Ligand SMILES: Cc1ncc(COP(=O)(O)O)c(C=O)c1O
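The form predicted on its own is given below as one chain in structure tokens.
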Amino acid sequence: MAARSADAAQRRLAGLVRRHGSPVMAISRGVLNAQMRRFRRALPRVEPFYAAKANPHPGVLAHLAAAGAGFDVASAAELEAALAAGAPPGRVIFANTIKPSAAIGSAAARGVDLMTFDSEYELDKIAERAPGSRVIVRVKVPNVGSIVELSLKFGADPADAIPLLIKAHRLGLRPAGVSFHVGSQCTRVGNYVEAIETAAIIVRDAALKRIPIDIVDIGGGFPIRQLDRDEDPFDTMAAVISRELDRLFDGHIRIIAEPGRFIVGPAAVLLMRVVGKAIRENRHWYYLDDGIYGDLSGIIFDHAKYGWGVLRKGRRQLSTLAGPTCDSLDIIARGEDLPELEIGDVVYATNIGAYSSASATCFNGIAPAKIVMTQ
């Protein structure tokens, strides 16, 4: 049964390359739905605001908007894309704490009035360009063990949260809540527990000072399994997070989150063809039609690891995969156990929907993969 299923999957992948050429990234609507259901089931109190930066493809945004997701946007362009996909302005949070003044004004003009900040300078800009907006203070929290640390660049010290919210009120803004981010691909649930406790202290202090905040944004960072041998800790972590939220926050506190990778990462497969072949370092090198400067950019920018599949059988040997550009940085993987491949053979990577096409370039004039939405 498993063998038949695997054969059917490989035939489907081969069919995608025949129809669309290569490189091609196929994003499954069914997997997007499954990840949304899984998130909502594991964290029933938490409203997902999809982090558009993970993959802003219009097909992804439109599908998630139709599924009732909110959107976390970091720029005026992402904001416009979310609205064009069908998201109502009330389901969008401008969650970059450093925004150009023009982008703040654009958001306000489009009816998006929920924004994050972490400094007085940002409050001044918001008060000037979007008076009366609801603002959420982002605080710095531990990112221990996360693949990408996000508290190096963002987040006010927790001790400064209340003075900043008071300053927001004095500027005519509406203090709305507190947010944090535990770091990307976080597998240490203690990061969330500590951050939630910090947020709870700020919420209690705000209530004592009659600052009526009612939103806690627990950010993103929810992990996915990238390699088949990896553990999948999400459900276990989510159970702990859910208990802490219920323990520390009354029902009137609205809990939102910004999952990006978790929603879109498992939904995509990238298919490439071998365009060149050589013997170097006493092993086979295979040059693919996508690479580090394209949709495998997550290897550099996101510290991502991918498992590699092929549509050919045979005796396996240690091999190297490289991209198509004329830069020696463009080496994808060394020491991969692969059958001997020929020019035109297909190599693919799964769990590659997040931080891949979003950061791809056209270096050397080589375009990134075509993106297709599938069932």
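Numbering starts at 1 and follows the sequence shown. Everything numeric here is computed off the predicted structure, so don't read it as measured data.
One more form of this protein exists, namely the form predicted in complex with the ligand; it is left out here, but the text below deals with it.
Enquirer: When the contact criterion is heavy atoms within 4.5 Å, does His63 count as touching the ligand in the predicted complex?
Expert: His63: no, not in contact with the ligand in the predicted complex.
Enquirer: Does His57 reach the ligand in the predicted complex if we count a contact as any heavy atom within 4.5 Å?
Expert: Taking the distances in the predicted complex, the answer for His57 is no, it never comes within 4.5 Å of the ligand.
Enquirer: Indicate whether the ligand has at least one heavy atom within 4.5 Å of a heavy atom of Gly294 in the predicted complex.
Expert: Output for Gly294 is no: heavy atoms all beyond 4.5 Å of the ligand.
Enquirer: Test of understanding: in the predicted complex, would Ala349 fall inside 4.5 Å of the ligand by heavy atoms?
Expert: The answer is no: Ala349 has no heavy atom within 4.5 Å of the ligand.
Enquirer: Answer with one of Glu122, Glu78, Glu258, Asp289: the residue that has a non-hydrogen atom within 4.5 Å of the ligand in the predicted complex.
Expert: Filtering the options by heavy-atom distance leaves Glu258.
Enquirer: With the ligand left out of view, choose which of Gln226, Asn191, Gln185, Ser133 has a non-hydrogen atom within 4.5 angstroms of it in the predicted complex.
Expert: Contact with the ligand in the predicted complex is made by Gln185 alone.
Enquirer: So if I measure heavy atom distances to the ligand in the predicted complex, which of the stretches 29-37, 320-328, 48-56, 303-311 falls within 4.5 Å?
Expert: Result of the contact check: 48-56.
Enquirer: Though the partner is not shown here, which residues of 61-75 have a heavy atom within 4.5 Å of the ligand in the predicted complex?
Expert: If the 4.5 Å heavy-atom criterion is applied to the ligand in the predicted complex, 61-75 yields only Asp72.
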